[in-house]
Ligand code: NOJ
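Given next, in structure tokens, is a single chain: the form predicted on its own.
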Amino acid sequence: MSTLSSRSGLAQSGQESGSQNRSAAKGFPNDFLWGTATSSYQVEGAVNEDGRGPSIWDRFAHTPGMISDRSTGDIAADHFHRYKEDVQLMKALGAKAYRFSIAWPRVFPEGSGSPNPKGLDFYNRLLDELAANGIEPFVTLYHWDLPQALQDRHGGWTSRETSKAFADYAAYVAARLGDRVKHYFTINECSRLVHLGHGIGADAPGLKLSPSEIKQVRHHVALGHGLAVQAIRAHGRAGTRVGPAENAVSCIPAVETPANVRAAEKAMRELNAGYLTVMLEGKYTDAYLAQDAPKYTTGDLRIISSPIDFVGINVYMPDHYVVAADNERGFTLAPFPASFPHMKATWLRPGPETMYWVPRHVAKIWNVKSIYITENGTSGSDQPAADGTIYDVDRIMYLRNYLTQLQRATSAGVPVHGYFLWSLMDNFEWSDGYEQRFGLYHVDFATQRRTPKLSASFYRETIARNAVM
């Protein structure tokens, strides 16, 4: 897992390897955008202030047995009250961009209908503070905190009504924040919110639906994305840019031969059929429709594939290592051995090459010209040493190896234009509560004190040099 070993499979020839290494030594493109990321329910707190309504995550977190440490996001990192301090943390890193999400139930407490007059007040204050410090906002419209009223009234994403309500919310936000927000991500991680929230019940709203019902939910989420794109085009200012932020199912060639690379591309397209493929091609694959197909119209497909300006990708780990095979799919997914390493979070299996292959696949398979890495990072033990310093060298190792592979990608011409590290600070990590810490800044949740970890120094130096440290 050293940097050297992660480079060892770079090239198909010695000439390519030498060329890439010389290029990589120069660092990232001059206009590469470095940022950090958070989401509303994970950091804001203030769940009952300024007229905010409840979200499905409020209900879920307060349901006994759903969160491992019995915590909630009621206070979280108190970003709602401490945003000025947190903007200074970004500035201290040298970050030039901040990806954050807007809480839909702050804006429409009932999900639709009359907007809350104070719903955007916090975001207006935050945007002004970011502008004053030279930090560009990248706004995510939906990072899973669906208004509970829509879940109660329509069944949430099981209904097309929620897709329509999402478009109305997107239009309202774009019309009112467009003077300062130029980049919008529609929906964060369709694949997780559908699978964990509606398939196995591990995320809000905690449903366990049938395979056909799951595919219908996925279709409604994709439809919501397309309707939101159209709404932002109609109500935002000229030059506004929009795209999704997806944790694409990552398919990595187990051995970098031409046959395995092609097999990984086939697997990537097929295993992302329900969101990225339909969004970027305007159709579902035949294999996806062969079983438990969702109900949809050709008009739905046109909406879902509304033209976008970029694709955001959340990259954490390899989902599958792929080997070429003489079968109807053209690929085999290699099983992970029990000895495969993991980070503190047992689900997070480090595979730095994922950071090269996923954006490369997205660019090649779907001819995408602009890509952002919208999330990447790891949790760590993050225990202060005797001198008070948090020596999170595990996180530094992870980031160094992943960013080396990202540098490999940009040096090879893959059009990645920015990187948002997850996360700025420790936060409410969904069903793991506060047990998993992903932040560059440690948060003492009893006092809300922020303390930089050693990884903050690593990231600051990387940004300053525009090259992997």
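Note that residue numbering begins at 1 and tracks the sequence as displayed. Source: prediction; values computed, not measured.
The same protein also exists as the form predicted together with the named molecule; that form is not shown, yet it is the one meant from here on.
Spot the stretch among 356-364, 286-294, 151-159, 311-319 with residues whose non-hydrogen atoms come within 4.5 Å of the named molecule in the predicted complex.
Only one stretch passes the 4.5 Å heavy-atom test: 311-319.
One residue of W144, F166, F100, Y398 in contact with the named molecule, assessed in the predicted complex (non-hydrogen atom, 4.5 angstroms)
Contact check passes for W144.
Could you tell me if E429 has a non-hydrogen atom within 4.5 Å of the named molecule in the predicted complex?
Looking in the predicted complex, residue contacts with the named molecule include E429, since a heavy atom lies within 4.5 Å.
Does the 4.5 Å heavy atom contact test between N188 and the named molecule in the predicted complex come out positive?
Yes, N188 lies within 4.5 Å of the named molecule in the predicted complex.
Taking heavy atoms and a 4.5 Å cut-off, does R192 contact the named molecule in the predicted complex?
Taking the distances in the predicted complex, the answer for R192 is yes, it comes within 4.5 Å of the named molecule.
Answer yes if any heavy atom of F438 is within 4.5 Å of a heavy atom of the named molecule in the predicted complex; otherwise answer no.
Flag for F438 set to yes.
Residues of 271-305 having any heavy atom within 4.5 Å of the named molecule in the predicted complex, listed in sequence order:
Heavy-atom contacts within 4.5 Å come from no residue here.
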